[in-house]
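Heads up, the chain below is alone and in the form predicted alone; it's given as structure tokens.
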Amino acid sequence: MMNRSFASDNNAPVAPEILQAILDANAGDALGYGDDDWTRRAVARFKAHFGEDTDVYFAFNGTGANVVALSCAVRPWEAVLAPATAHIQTDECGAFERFTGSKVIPIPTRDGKLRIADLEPYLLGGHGEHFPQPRVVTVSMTTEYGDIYEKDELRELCDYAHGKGLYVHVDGARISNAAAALGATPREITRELGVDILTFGGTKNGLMGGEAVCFFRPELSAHAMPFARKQGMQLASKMRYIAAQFDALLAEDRWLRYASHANAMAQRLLAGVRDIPGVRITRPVRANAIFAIMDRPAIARAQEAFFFFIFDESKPEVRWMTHWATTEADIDAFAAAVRAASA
């Protein structure tokens, strides 16, 4: 077993309440493909959080959830506009293009957050049928650099996109961390701001595995998503085991407790490393990610004690991630290792 990793919240163990929910669901037979009580309860919890007309679908992983959700909003000659750093552009191996026949148009941004000024040049129409037609804007909460859209920022972007006839999708792999950081509910930072589709992350916040797609415009999903999910190989036959996890996550505000703890551990780590000579924090620390530049020899020495990724080899810039199970002792030991490596 490795020491506590600071590479990704994907490396975290399963939260005990989530694991217990899986065990509790493992009693007797249940009808497959979502026709079970666990799925009905989990869907009801999402509706309670986001609104009764929310259309909810469970999937295995983030890439699959993003791809099948977006496929419901685009036709093959249409495009998704995304920050150049977006997960769908950088870390999903072209899955969206392969599955849909549509295109991701990556837009350079200064910090991973997409703004109207970034978006405008890509809405000029191109050369008619020679150019893929924009249909969806997708952004990440939190962003790939650990930042968060303020409410006014995302509302402004949604209003602008809707005015141009575009839908807005949020890749919410870490939506709970963003909500915790903003002191808001997930609904307040998505649906109430104008978001049309949300991929609600679970795997990075205590689940063994599972994501949920929430459509706030059911007309986008009702006649498309059941078939898109099946074709996209995201329809779980034993759906109860994914649904039971979300039922537990959304109960008793566990989503908030797990995410708040991860965020707090990132702040503790920031306090422990920000004064280390040779360590330069490069991005705002809003949720559970810290980005820093260090000398390569210092990085290598620190990695001997704790595993983490170099996010940008050219600088080099590292990324340190905390999660629901990171402890204060883990943070203090890691900060000490970084200090020793940088000495």
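Start at 1 and count along the sequence shown; that's the residue number. All of these numbers come straight from a predicted model, not from anything done at the bench.
Just so you know, the form predicted together with another copy of the chain exists too; it's not on screen, but the next bit is about it.
The closest non-hydrogen atom of P277 lies beyond 4.5 Å of another copy of the chain in the predicted complex. At least one heavy atom of F60 is located within 4.5 Å of another copy of the chain in the predicted complex. Shown alone here, R4 lies within 4.5 Å of another copy of the chain in the predicted complex, counting heavy atoms only.
The shortest heavy atom separation between R240 and another copy of the chain in the predicted complex is within 4.5 Å.
In summary, the region of this chain contacting another copy of the chain in the predicted complex, judged by heavy atoms within 4.5 Å and restricted to 72-80, 154-162, 265-273, 187-195, corresponds to 72-80. For the options L166, L256, A228, L123, the one in contact with another copy of the chain in the predicted complex, meaning a heavy atom within 4.5 Å, is A228. Among the residues A300, A305, I281, L31, the one placing a heavy atom within 4.5 Å of another copy of the chain in the predicted complex is L31.
Highlighted residues T39, K47 and S260: none comes within 4.5 Å of another copy of the chain in the predicted complex, counting any heavy atom. Residues from 128-156 that approach another copy of the chain in the predicted complex with a non-hydrogen atom closer than or equal to 4.5 Å are G128, E129, H130, F131, P132, Q133, in the order they occur in the chain.
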